[in-house]
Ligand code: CO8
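In structure tokens, one chain follows: the form predicted on its own.
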């Protein structure tokens, strides 16, 4: 028994780091001007066809930017979304022997992360597909991505809505700490244009499509320049204020299949009021546990959902209104990309930081769910 204990203790010595990240951005983008023109054409058609009903209100560029800070979003299927008769993406169904759309964009992001780390697929032990929606129930998207990349080991899917990527990073870090893996890919393909109600004025502007990848590894094999994971914290609190009721059981109730709540719905004001203090306090508390002064954080890579939420969270954490350098945004050009948002911000805005700088990757969203990943630059 003593030998077994010693062996297990020796095994649990991994020190997790982020070796590299990858990003796939769809080539097509929809500006607010294009989106508003499409939405208002739909409103004209609807109001003309329903003269006795309360008329739908127009959207506007000014309304969208004031409500969210979003100016554009990348999508996988632009033309159908902007067609007032369709107003949703149209992605042709692929045969079972073809790579799926989500796996394809996930693989693209993963390949970039591997290349940036100087890593080969055979060096990776596991793939976690962490996203807010999965293209199918099974086989797991992660296993398809694993197969496409030529990775041995294992993979599985996980969904914690907008916090999926940070929950995936902690899961990967735990595998490294326990010695169950030395290199783990966390891949987040987010085709959120598919769960958005493009006919809803209050939310038609929110989401965009993208895929990210984060390579979490043992520091012993990581490239010279990497990000040490100082600590992670996850939190969930049940709330109906962000909800999507789509699922396989909907087929048992075909009369409700077209209901609006089978797409993304939210009580935006309630979300703002409840999530901002919850996340800010979570960050402050976890920083204290790790012996980090929140005001000393060099950069905050926050979930890209709403500019106002990020501004208030950063202010509460840092003790002053954050500059663009302290809390960079990608929301204006990418929109809300669910779990991928904070990873895009980290991917695009970390190179110039110096060795020893500390920062925070943070996500929050439906559930409610929230995840923090405190990191320090090495090399």
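Numbering follows the first chain given and starts at 1. In this text the structure is predicted, and so the values were computed from the model without any measurement.
Unshown form predicted in complex with ligand CO8; subsequent notes refer to it.
Proximity to ligand CO8 in the predicted bound form, taken as a non-hydrogen atom within 4.5 angstroms, holds for one residue of 318, 353, 67, 41, which is 67. For the residues 264, 301, 175, 167, the 4.5 Å heavy atom test against ligand CO8 in the predicted bound form is passed only by 264.
Ligand CO8 is not drawn, but in the predicted bound form it has a heavy atom within 4.5 Å of residue 202. Contact check for residue 269: a non-hydrogen atom falls within 4.5 Å of ligand CO8 in the predicted bound form. At the 4.5 Å threshold, heavy atoms of residue 342 stay clear of ligand CO8 in the predicted bound form, well away from it. At the 4.5 Å threshold, heavy atoms of residue 59 reach ligand CO8 in the predicted bound form.
Contact check for 22, 110 and 215: none of the three has a heavy atom within 4.5 Å of ligand CO8 in the predicted bound form. Here the chain stands by itself, but in the predicted bound form one stretch of 131-139, 96-104, 221-229, 115-123, 131-139, has heavy atoms within 4.5 Å of ligand CO8.
Along 303-319, residues 305, 306, 309 each place a heavy atom within 4.5 Å of ligand CO8 in the predicted bound form.
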